[in-house]
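Okay, so here's just one chain, in structure tokens, the form predicted on its own.
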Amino acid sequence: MAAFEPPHYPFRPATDDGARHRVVVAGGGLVGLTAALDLARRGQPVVVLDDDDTVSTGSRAICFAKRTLEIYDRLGIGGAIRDKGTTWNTGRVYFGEREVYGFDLLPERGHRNPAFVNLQQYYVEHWLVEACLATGLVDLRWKHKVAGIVNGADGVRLAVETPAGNYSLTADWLLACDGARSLVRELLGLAFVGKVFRDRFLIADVVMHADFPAERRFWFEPPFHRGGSVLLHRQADDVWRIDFQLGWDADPEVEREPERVRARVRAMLGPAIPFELEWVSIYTFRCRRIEKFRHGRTIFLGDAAHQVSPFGARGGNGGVQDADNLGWKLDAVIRGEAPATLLDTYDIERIPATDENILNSTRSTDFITPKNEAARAYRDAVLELAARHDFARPLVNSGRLSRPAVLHNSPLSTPDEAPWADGAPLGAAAPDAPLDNGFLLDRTDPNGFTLLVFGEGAPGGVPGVKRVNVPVASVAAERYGAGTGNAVLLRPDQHVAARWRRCDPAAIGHARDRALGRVA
């Protein structure tokens, strides 16, 4: 079987009944732990309440995208994920027995991180727990379940159940990261808006020694699973993730029976490859979100706020980007460096990003699971054409894979004063690039603003903004579309806040203040 033994963390009774805390996180999963670590890295104490005492069961979110890896580099666990996980940039799509085409998500050189690293979610959560504890600022409370909530104007009062009895506490800010079945969302009476698709899929984590390459493989109508689709991913510890499309009429209880799952896997692998089942789950596609993510002093992140299908790796990656977007803003508000209205931009920026994920996920689901014969005929024709013609390949949709959100029209961005057609646009996640025997993003201020200055003639220093000099003859300059005298301001979450062909310290200071919500 697989090498990972899930830890069980000790329960400790609360000793602070009635106490008040700056930030409480409900949910100690991937997103909740990421949010807690992000705030702790900025010097903020955090209490995490989780109703379990261990990390996630099964592989869960396994595809960690390049942008997520950059976020985890900033938080200190990116290297561990790369070292343990399976790196991949390429994929193949099949129709029946024939390969339709292959693709490369990162064909250019000069990147520290690959397009994706596949790794079981429980490893990442385990390292997040260790990193949180190492800060000395995260109070992880296992077997502490949120049971009641009063969302007031000046704080959130929580009732908490534990094996040793109940208690209460008050949070200045509550981050609801308690997943798809969020009790916080239920207690506040918030409903999802969106779509549940009439189809079911089987996930099987299979332990086997196989010489399949480390790439994404997707089959439409394979001979070993007629009438459905199959997805194959390699993970760490010789664990392989296989997704089988079952159809809406499939009985979940019957389909998760071990012998039935083994028969499906055996039909795929053939008789020569021995394997063991590690984890099995049945899921239904859901593409939906709550109307708003911020509700006064309670803010929703990850699956508690939105749900998408797993094809495209947009769920876990989207939740990590939620935490990345919110952390620096909440820190600035708590420190008094920004007004509380800055937190409204979490909705302004992350809801469009979520809607983009939902749109892509919905389109993928419609292509993978045609709803009528006309849709199936279109899909099959596209797959046939894609095998012979390049123009048809962008129409094939086996899951539009996760990409970092571009924060279009964000009120925190300073509009360009001069044309800037090339390079990373306003609101984009800052492209990484080789710089000084390292990488550019390592040079940015993890807790503040950074000014990238290209070549000579750019402005001098600005208080509170770190300056990084970038040669014009560099990959970094190409990726930003920058030349001599240009400058780019990056936010604490490494998104582009402003760009200048020529600027002065006053303009930089104004752009920083705008990004902090201090000025319109």
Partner chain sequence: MTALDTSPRLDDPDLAFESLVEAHRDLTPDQSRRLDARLVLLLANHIGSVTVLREAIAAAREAAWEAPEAGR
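Numbering follows the first chain given and starts at 1. Everything quoted here is computed from the prediction, not taken from an experiment.
The discussion below concerns the form predicted in complex with the partner chain, not included here.
Visitor: I need to confirm a contact call. Of Ile348, Ala180, Leu395, Ala210, which residue comes within 4.5 Å of the partner chain in the predicted complex, counting heavy atoms only?
Guide: The option sitting close enough to the partner is Leu395.
Visitor: Note which of Asp380, Glu291, Asp344, Asp422 lies within 4.5 Å of the partner chain in the predicted complex, where distance is taken over heavy atoms; exactly one does.
Guide: It is Asp380.
Visitor: Looking in the predicted complex, any heavy atom of Phe95 within 4.5 Å of the partner chain?
Guide: Residue-level check for Phe95: yes, a contact with the partner chain.
Visitor: Using the partner position in the predicted complex, report whether Glu373 sits within 4.5 Å of the partner chain, counting heavy atoms only.
Guide: Heavy-atom contact with the partner chain at 4.5 Å: present for Glu373.
Visitor: Spell out, yes or no, whether the shortest heavy atom distance between Glu276 and the partner chain in the predicted complex is within 4.5 Å.
Guide: Judged by the heavy-atom cut-off of 4.5 Å, Glu276 is well away from the partner chain in the predicted complex.
Visitor: Taking the partner chain as it sits in the predicted complex, is Leu385 in contact with it (heavy atom to heavy atom, 4.5 Å or less)?
Guide: Heavy-atom contact with the partner chain at 4.5 Å: present for Leu385.
Visitor: With the partner removed from view, which of 85-93, 352-360, 212-220, 385-393 is the stretch that lies within 4.5 Å of the partner chain in the predicted complex, judged by heavy atom distances?
Guide: Going through the listed ranges, the match is 385-393.
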